[in-house]
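Just one chain is shown here, as structure tokens, and it is the form predicted alone.
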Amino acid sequence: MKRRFTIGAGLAAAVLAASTSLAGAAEKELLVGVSDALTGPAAVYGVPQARAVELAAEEVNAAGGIRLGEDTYKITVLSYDDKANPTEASNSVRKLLDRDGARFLLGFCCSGATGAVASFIQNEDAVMLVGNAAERSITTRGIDNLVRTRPPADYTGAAAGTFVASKGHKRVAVIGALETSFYAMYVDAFEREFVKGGGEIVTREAFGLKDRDMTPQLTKIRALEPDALLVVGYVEPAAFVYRQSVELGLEVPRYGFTSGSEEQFLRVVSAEQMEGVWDLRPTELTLQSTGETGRAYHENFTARFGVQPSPSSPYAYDQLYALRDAILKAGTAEDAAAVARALRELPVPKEAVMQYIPIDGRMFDENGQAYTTNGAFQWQDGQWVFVQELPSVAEDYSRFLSSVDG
């Protein structure tokens, strides 16, 4: 499935007005390709990301586009559904590069699909901006034309382990999509710090990304009498775990790593069954934890698409503004290598929704990796509430990332 985004009538009028004021200047198209999960279980992350890119493109176009000398670039977004599948993602990106002529690739919510594209993108005359995909190795391969807006899973998992230990828990049971590498990486980092705090992981129970009945694993966990439960996985299966844990009478504190919105969870589980659940993740969008820019994004996204944005969707929104600033800094939209170099030199764009921690004053470190703080969010009275930041030092992790080979 592909979808080519065109601006609406109101925005077209604004663009026409802007074009009229630039009589004599050339107007050109800047094609931005999006490869993301638009169907299937991972669409809870991919569809909001694709919409976020569309929203940012509308805003840039309505503001007059990207002006380089006498030329003004108006952004066209062309999206393909990669179904979070490595083969589909490779095919989608090949179509964007070889058939459509795109040189700037955004989206990429899921690690398996993203890793497949990352394996060949360095050989292409293109720039790849990765969003929600959290597998660490995406930014340890020394790929000069790739950057990522979301921090890696283990950066967050370590902070989560310290936080849960600080709550006094000693025996934690894990249930999750543990055959997915970045979830396993999150749990490994969690366990390392949790053990330092005197705790132990009493079991690791796995489920598939498409599984919906986790009562066998939860029944086994209940018999082990843990102090707390850690749930890692996509929103829908995690929601079933939360619901079924209540139905089975597993009355222990529940912690998770999901990045799902209220709307997404409530399709499966009631607000009462979610009460008290923690989500330990990067400090992504919630109205309680964001500033004026984030609130404006939330309002504009909701008005544009009729649904609230997911917490992780701004990773893709911020990609487009970083790309715009890199093109302006490079002074060209035709030289992808120059734009890739400019990305590594950028400060955080003023329109960015996520609250990034610059490294040496730059949005992306030498690995092409951006960082946010990590946060503890708790479900209270029907919504996620930001409670506190989690202990994490971006500079230290950036140095660690530079030491990882491949």
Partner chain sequence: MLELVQQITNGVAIGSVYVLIALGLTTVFGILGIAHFAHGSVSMFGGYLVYVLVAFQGVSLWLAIPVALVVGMGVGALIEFLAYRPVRNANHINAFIIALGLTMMVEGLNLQFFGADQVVIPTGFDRVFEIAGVTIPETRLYVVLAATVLVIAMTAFVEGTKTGQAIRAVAQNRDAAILMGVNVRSIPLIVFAMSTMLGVAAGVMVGSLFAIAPGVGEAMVVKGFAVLILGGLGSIPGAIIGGLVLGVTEALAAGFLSSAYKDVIAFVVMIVVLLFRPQGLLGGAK
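Numbering follows the first chain given and starts at 1. Every value quoted in this text rests on a predicted model; they were computed, and no experiment measured them.
The same protein also has a form predicted together with its partner chain, omitted here; what follows describes it.
J.: Based on heavy atom distances of at most 4.5 Å to its partner chain in the predicted bound form, which listed stretch, 296 to 304, 205 to 213, 99 to 107, 69 to 77, is the contact stretch?
T.: Among the candidates, contact is made by 205 to 213.
J.: Could you work out which of 325, 236, 193, 88 is the residue within 4.5 angstroms of its partner chain in the predicted bound form, going by heavy atoms?
T.: Selected residue: 236.
J.: Could you spot which one of 268, 116, 165, 143 gets a heavy atom to within 4.5 Å of its partner chain in the predicted bound form?
T.: So the residue touching its partner chain in the predicted bound form, by this definition, is 268.
J.: Are any of the heavy atoms in residue 39 no more than 4.5 Å from a heavy atom of its partner chain in the predicted bound form?
T.: Output for residue 39 is yes: heavy atoms within 4.5 Å of its partner chain.
J.: Give a yes or no for residue 240: in the predicted bound form, does one of its heavy atoms lie within 4.5 Å of a heavy atom belonging to its partner chain?
T.: Answer yes; at least one heavy atom of residue 240 falls within 4.5 Å of its partner chain in the predicted bound form.
J.: If we define contact as a non-hydrogen atom of the residue within 4.5 angstroms of the partner, is residue 170 a contact of its partner chain in the predicted bound form?
T.: Residue 170: no, not in contact with its partner chain in the predicted bound form.
J.: Should residue 273 be classed as touching its partner chain in the predicted bound form when contacts are defined as heavy atoms within 4.5 Å?
T.: Yes, residue 273 lies within 4.5 Å of its partner chain in the predicted bound form.
J.: What are the residues of 213 to 231, in order along the chain, with a heavy atom within 4.5 Å of its partner chain in the predicted bound form?
T.: Contacting residues: 213, 215, 216, 217, 219, 220, 222, 223.
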